[in-house]
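Next come C-alpha cells for two forms of one protein chain, structure 1 first, structure 2 second.
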Structure 1
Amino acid sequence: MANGEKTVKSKVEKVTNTPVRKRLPRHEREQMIVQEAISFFAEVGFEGQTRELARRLGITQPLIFRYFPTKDDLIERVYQEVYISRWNPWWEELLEDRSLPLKERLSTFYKAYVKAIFTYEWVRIFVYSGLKGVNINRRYLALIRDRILKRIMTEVRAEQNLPTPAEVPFSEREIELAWGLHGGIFYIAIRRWIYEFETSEDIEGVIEAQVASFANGTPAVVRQMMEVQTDKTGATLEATTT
C-alpha cells in the first residue's frame, strides 16, 4: 500500500502535456471527476477509495465531495454516464429490414452493437453493478430481450414462413435460443475484460462465424419446436415471457 510517488501528474496533464490549470469551471471539473471515476471503478470496483481516485485526478480527496455529496451519488452518476445514449434505435430498424438476408442483418447488427458497448469500462461496470444487484442491469437486459432478441426470433420465424408471434406467442425456449447467440457473443467481452483471458482480435470475423452458425442451425430447431407445440394440442402450449 505504501506508494512511492508523491506528486503524480494528472491524466489531463499527461495527455495534453501542458501544465494543468489549478482552478477549473465547475462543469469542467465535474466532468473530469466523472470520467476518471468511470475508469477507476471499472478497474477496481465500487469499493475503490475516494482518496485513490483523487490521487489519480491530481486533486485532494475532499474536493470530490464538493462535487458529489456522497460517494453513492458519484456512483449513481457513473451509471448514468456509462449507460445513457449507447442505445441506437437504428438497430431495431435494421433487424427487421427484410430487403436484406437475415444472416447479413444479424452480422451487421452485432458488429455495430459490439462497437458500441465492447469497452473495458462498459463491460466491467455492467458486471460490477450486476453483482451489486443494481436495478439498471435488469432494465437493460429486459431491453435487450424485448427490442433485440424477440425481433431476431420474429425474423427467424418469418424466414421459415412460420406463424408470427401475434399468432403463436414465443415459447420460453425459443427466446433462449436468441439468448444463446447473444450470450455467446457477449461472452467474448467477459473473457477479455472480466477474466482477462485471451480472445481473438478479429471480433468481426468471430461474429460472422457465430452468426452464420446461428442462421444455419437455429431455424430448423425453431420449426421443430413449433411443430411439437402445435402437434400436441393443435394450439399454443406456452406463452412468452413478458
Structure 2
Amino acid sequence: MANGEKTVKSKVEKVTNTPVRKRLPRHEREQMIVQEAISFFAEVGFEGQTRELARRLGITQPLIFRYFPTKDDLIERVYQEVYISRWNPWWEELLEDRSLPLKERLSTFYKAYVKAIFTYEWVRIFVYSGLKGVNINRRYLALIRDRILKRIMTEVRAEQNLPTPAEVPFSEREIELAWGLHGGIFYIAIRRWIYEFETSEDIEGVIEAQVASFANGTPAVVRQMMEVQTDKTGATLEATTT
C-alpha cells in the first residue's frame, strides 16, 4: 500500500472512531445540567465552581451560562427541583383533617415526609446552604414553620379546646415545641447523611414513637403555657364553642 493510501486510511479511521456528542434538545440538556448540579453541590458544597461542573458534564462552562446566566440562577433551579417540587399540598390537608386523631395525622404525615426528603442530595444541599450562607435553608425552614409547624400547633390547641391562633397568637415557645418534633425526626437524616452514623432501619417505628411522645405530652404543656399567658392578659382560656 502506498504511503498516501495509508495516510488517507488513517485519517478515515480516526474520524470514524471519534465519538460524536449527541445534540440534545434544549429541555433535555437543561435537565441534565440541573441533575448533575444537584449531585455536584451535594458532594462539594456551594463553593464548587461551575468550571468543574462543566468538566463533569463534558461540556463547556459558557454552555452552562447559556441555560443559567449566573451561578445563583442555577442554585435557584436546584432549590426548586430538590425542595419545592417534592412538596405535597396533601400534607397540609392531612394535618387539618379533624376526622382523624391528631396522633394518626402526625404519624401519617411524617412517614410520607421522610420518604420525600431522606436522600443524600436533599440533606447535604440543605446543610451546605446554611454553612455557605445560601438562602435555601432559610426559605425552606420558613415554609416548614408557616405551612407545617403552625398547623400542627393549631391542631394541638383544637384537641384541647383552646383558643385559635387568631384569638391568641402563638408564642415563640409554643412553636419551639413543634420544632422539637420536626427537628428530632430530621436529625435522623443528619446522622445518616452528614455524620455517616448508623441509624435505625425502622424509621417508621421511630416516627411513631416520637409522635406519640409529642402527642401525649405537648397538649398539656401548651395548656399550661396558655394559662400563664392568659393570666397576664386577662383573656379567656377556653375557646368559644357553638
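If you superpose the two forms and keep the largest set of C-alpha atoms that fall within 1.5 Å, you have the rigid core. The first residue in the sequence of structure 1 is number 1, and each one after it adds one. Everything quoted here is computed from the prediction, not taken from an experiment.
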property	result
Structure number, where the criterion is the form predicted in complex with the DNA	1
Rigid-core frame, C-alpha of residue 41, shift of 2 angstroms or more between the two structures	yes
Rigid core fit then residue 78 CA moved by 2 Å or more between the two structures	yes
Rotational displacement of the smaller rigid part between the two structures, which moves against the larger, in degrees	19
